[in-house]
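Let's start with one chain on its own, the form predicted on its own, as structure tokens.
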Amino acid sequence: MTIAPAQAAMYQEEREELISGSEAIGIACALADVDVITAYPIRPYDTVMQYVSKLKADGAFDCDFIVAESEHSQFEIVKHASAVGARTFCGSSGVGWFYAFEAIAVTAGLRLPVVAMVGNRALDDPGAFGVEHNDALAVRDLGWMLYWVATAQEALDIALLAYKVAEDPRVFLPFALSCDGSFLTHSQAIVNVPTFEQVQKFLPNYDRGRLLLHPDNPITIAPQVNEDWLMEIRRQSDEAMRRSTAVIKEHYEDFKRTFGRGDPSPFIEEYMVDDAEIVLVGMGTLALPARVAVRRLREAGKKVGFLRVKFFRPFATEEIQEALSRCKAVAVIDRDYSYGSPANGGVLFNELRSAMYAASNHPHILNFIAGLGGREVLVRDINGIVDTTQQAIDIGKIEQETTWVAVRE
């Protein structure tokens, strides 16, 4: 990395800062010495571009910061920059993410390790600036790695991990950091900010090798292969995604050694799951009210736990099977929806139910749609979810697979 003097001076010592999740990702971009960042304002993602522009104006971050005229152009710019060997970052939210979808799909198809943030928000219409997960989930079948962040600290840490995993030649796939709108993008918390020296030790330079688009290396980018080679190329992307699981584990262990923090697993977080009869499952900032509810339920003598799915792609099927095969019932809380899907359930619910099909033990699996549009998921809502799940255990069957929580009649 070639670091500007002012940029290096800002991160000479490890320190704590009171910052939001968006600001944490902005700092991660500076620490990773990202070359090209593009921006187009849409809430709640735009807090990242605002913070990056401030860092650049203050001389604390030396990057090419390009404000595009649309989300589509924003993603096109970083796609091409990545092809010529630049480390890149961009992001969007809601329908802005969808407006860029052509470029987003091509980025994965071309195996370009762009790192992007999705500030999760409800899709228009009707509009809402609050969190829903359907925007980010739309890329789940395209070849993007997809991670749901729970805290500002995790936002910084996983942004650094994202570059190391995405830019690994065994993978070369884009990486999306999903950050719940407002709850994470705007809420501040104490974050440990590492030094440049630590980050340089962990994160190597981006090297495309023989795949670099350069006049001295004439190669074809984005060919029209039709039926002659399309299946073979899709299979190569599939193999890269399969390899990503081992690569993530390898680099996550390196991250823990370098920075001295991290969970046992990069893919899931287990909270009081070992002896739980009922396990709540969710993603993102749902973890905070879920943990509070679990602690209170434990105090009341109820064996309840919480499992947070961190990586949605690649999906940690075996780890999830192992964690959930010990319980009697699972309550999947979706901050999304999938109209007309099996059981009319959410995306996470159907994914998890599929994963559990081959498990040795089959607990009851119930679905709860909650917190759409930024509505808070309260402890009392989770208590009701647990009561409904307990009824399924008591009578030995599920009377209603999918329940919408706290909806006005």
Partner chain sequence: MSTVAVEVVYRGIFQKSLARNIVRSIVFAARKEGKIGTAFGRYGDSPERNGIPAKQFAIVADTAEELEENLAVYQAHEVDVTINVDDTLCKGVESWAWYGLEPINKLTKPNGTLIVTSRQTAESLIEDIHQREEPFSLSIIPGVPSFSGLWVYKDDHTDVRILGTLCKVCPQLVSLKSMVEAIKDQGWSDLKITSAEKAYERATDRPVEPGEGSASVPFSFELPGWKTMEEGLVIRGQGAGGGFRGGEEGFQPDRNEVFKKWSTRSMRPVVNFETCIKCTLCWLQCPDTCFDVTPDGLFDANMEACCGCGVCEAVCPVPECVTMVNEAEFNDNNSQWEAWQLDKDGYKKWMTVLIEKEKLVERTHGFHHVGQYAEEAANAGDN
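Numbering follows the first chain given and starts at 1. Being a predicted model, the structure only gives us computed values, none of them experimental.
Unshown form predicted together with the partner chain; subsequent notes refer to it.
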Residue among A138, L212, M241, A189 with a heavy atom within 4.5 Å of the partner chain in the predicted bound form: A189
Using a 4.5 Å cut on heavy atoms, which of D125, D274, E102, E232 is close to the partner chain in the predicted bound form? D125
Although the partner chain is absent from this view, report whether I395 comes within 4.5 Å of it in the predicted bound form, heavy atoms only. no
I'd like to know whether E16 contacts the partner chain in the predicted bound form, with contact meaning heavy atoms within 4.5 angstroms. yes
Given that the partner chain is not shown alongside this chain, does F98 nevertheless sit within 4.5 Å of it in the predicted bound form, heavy atom to heavy atom? no
If we define contact as a non-hydrogen atom of the residue within 4.5 angstroms of the partner, is P44 a contact of the partner chain in the predicted bound form? yes
Candidate stretches 372 to 380, 30 to 38, 61 to 69, 346 to 354, one within 4.5 Å of the partner chain in the predicted bound form by heavy atom: 372 to 380
Using heavy atoms and a 4.5 Å cut-off, decide whether F175, R257 and F311 all contact the partner chain in the predicted bound form. no
Taking the partner chain in the predicted bound form, which residues along 279 to 303 bring a heavy atom to within 4.5 Å of it? T285, L288, P289, R291, V292, R295, R296
